[in-house]
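Next up is one chain by itself, shown in structure tokens, the form predicted alone.
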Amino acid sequence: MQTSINQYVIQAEPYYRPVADEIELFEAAYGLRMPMILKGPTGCGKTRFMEYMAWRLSRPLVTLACNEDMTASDLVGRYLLDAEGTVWQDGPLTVAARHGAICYLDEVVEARQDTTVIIHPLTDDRRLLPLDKRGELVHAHQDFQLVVSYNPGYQSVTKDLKQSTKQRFGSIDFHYPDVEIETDIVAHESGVAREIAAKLVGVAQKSRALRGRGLEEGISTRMLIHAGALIERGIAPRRACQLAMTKPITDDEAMLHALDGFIEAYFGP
């Protein structure tokens, strides 16, 4: 049972605004096929960056959102039954390694550590992927690259990459864009007027200052785009901000009241 690599090719240029020198750094790393870690808060643009870089480098992008129930078979593949009997189905990591795609494991620390160790042989000079159940050793295609991401703000002793894993990667830090760039992104992606986008960004900036003082994380760029899209569809700004920005990040009534105050300061009562 074969998977076509063409389904992972990004046809149109994704919209991405660089924040610093991340494009140049990643291109240099890809030239060496260096495994990479992207670190940054949720919704700051890591996944969009990977989509843009895959398009820019003309490489297929195989993405997998990691979770605590993910097994090694979810990464490398498994035997399945079909009308003709038992067949092997490559997992996303194997597909990428065979065909020279970029494999992007999003929020990799959500996966169990006994699962993520499967990537170790791919992240050194061997560039090998053992398929124990199949009795096969896959030699990674010369264009293959492994990229993982996570949010350092949520790290704990129980949810972190082992040092033996981290030291196999290069790393780029991501942060929310500055006000002007983030305003451009929100306006472009949501279709809302730039004036409204600027107000949404203002609310987000205020919320991010509360990180660690009642909020685990501030309002993300992704949430601003959702709120802007709602406003563009005719939802009142206050209600759009509550639906897409404030209520998803906290259930604390006092914190919601404080966030509502930020919304009122920018959009009125």
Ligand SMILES: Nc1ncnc2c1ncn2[C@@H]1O[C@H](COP(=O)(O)OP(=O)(O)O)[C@@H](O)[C@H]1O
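None of these values were measured; they are calculated from a predicted model. Residue positions are given as counts along the sequence shown, with the first one as 1.
Heads up, the form predicted in complex with the ligand isn't pictured, but that's what we're talking about next.
This chain lacks the partner; the member of 43, 237, 35, 60 within 4.5 angstroms of the ligand in the predicted bound form by a non-hydrogen atom is 43. Contact annotation: the ligand lies within 4.5 Å of heavy atoms from the stretch 216-224 in the predicted bound form, the single such stretch among 24-32, 216-224, 65-73, 197-205. Among residues of the shown chain, residue 249 is not one whose heavy atoms approach the ligand to within 4.5 Å in the predicted bound form. Though the partner is left out of this view, residue 242 does not reach within 4.5 Å of the ligand in the predicted bound form, counting heavy atoms only.
In the predicted bound form, the ligand lies farther than 4.5 Å from every heavy atom of residue 110. Looking at residue 185, you'd find a heavy atom of it within 4.5 angstroms of the ligand in the predicted bound form.
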